[in-house]
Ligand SMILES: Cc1cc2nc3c(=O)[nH]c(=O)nc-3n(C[C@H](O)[C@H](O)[C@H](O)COP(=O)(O)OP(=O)(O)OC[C@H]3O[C@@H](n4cnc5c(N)ncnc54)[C@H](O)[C@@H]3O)c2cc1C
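In structure tokens, the next block holds one chain alone, the form predicted on its own.
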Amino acid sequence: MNKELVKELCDLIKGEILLNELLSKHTSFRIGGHADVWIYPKDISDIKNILTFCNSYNIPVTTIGGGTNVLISDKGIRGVVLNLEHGLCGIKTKRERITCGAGALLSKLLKQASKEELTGLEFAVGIPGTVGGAVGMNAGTKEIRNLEYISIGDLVESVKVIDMNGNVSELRKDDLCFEYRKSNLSEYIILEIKLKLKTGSKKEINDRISRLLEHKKSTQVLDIPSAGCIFKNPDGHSAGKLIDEAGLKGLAIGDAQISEKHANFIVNNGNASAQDVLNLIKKIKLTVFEKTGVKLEEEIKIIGI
């Protein structure tokens, strides 16, 4: 984007604009090239103006939340990248309902729910990223004891969204479709989410959070750069178990390595490139399919590649 267009865009919005921003700073993988333009919109009006501007000049727009389940190209992302963490991050509670900006951190939402003695979100402990990202991919986990899969989509009452033409609407529960690790929200930018929880005991809530966090610390990689689980669990299978049984745990390409702790995690041991990760993903999928006939599907979002 040339200087004249950048100046025009600056005059249109109130939020912060960063040029040639290094994306590895904004991803949990610590991987990714530069964005031409990175914007923290201040409010919905900013987002509308950005979309109108970009549509008029055929400039692509990408939205990135906490950058926790993405792999971004070493070449970066062309056009405009939006991040809502500075502007749309408020959290309001009214009885058993919470209204939350899409840019709020999931950890902050959980802390607020616990403070208000609202239960139902405890499963989200240790899941990084923003609420908007979590809702868009229907983040969830299995309970430790009964192995029942629960997800944030189970708690959503409505979602305020904006389409790429700048039209804002509110999607109610009947309009929403949440499935394992996906939703029907991919064509929108999520702005705000309304959740319905239940009243609970603060002690029981905090005890459950502590128990779940200890379990995650003992089974998942939380101290080395990664993007969380790389693959979805196929029906009737654990992706991590399939990868482990294929003898791939610990395999490395460049600085990208299949975690010794959890085989469905790829970690960045320092200077892994996006291409290193992609090559490792390709090797995993091919090996698992050859040994089991099961096709693994990526859970992470791959951008700019």
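Note that the structure is a prediction, hence the values are computed from the model and not measured. Numbering starts at 1 and runs along the sequence shown.
Missing here is the form predicted in complex with the named molecule; even so, the following discussion is about that form.
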{"item": "Heavy atom of N268 within 4.5 Å of the named molecule in the predicted complex", "value": "no"}
{"item": "Exercise: T141 in contact with the named molecule in the predicted complex, heavy atom 4.5 Å", "value": "yes"}
{"item": "Contact label in the predicted complex: G66 to the named molecule, heavy atom within 4.5 Å", "value": "yes"}
{"item": "Exercise: V70 in contact with the named molecule in the predicted complex, heavy atom 4.5 Å", "value": "yes"}
{"item": "In the predicted complex, the residue from P128, G200, G87, G76 that sits within 4.5 Å of the named molecule by heavy atoms", "value": "P128"}
{"item": "Location of the named molecule contact in the predicted complex, chosen stretch of 92-100, 200-208, 185-193, 167-175 [non-hydrogen atom, 4.5 Å]", "value": "185-193"}
{"item": "Three-residue site N20, V80 and A274 fully in contact with the named molecule in the predicted complex at 4.5 Å by heavy atom", "value": "no"}
{"item": "Neighbours of the named molecule in the predicted complex among 193-223 [non-hydrogen atom within 4.5 angstroms]", "value": "K216, Q220, V221, L222"}
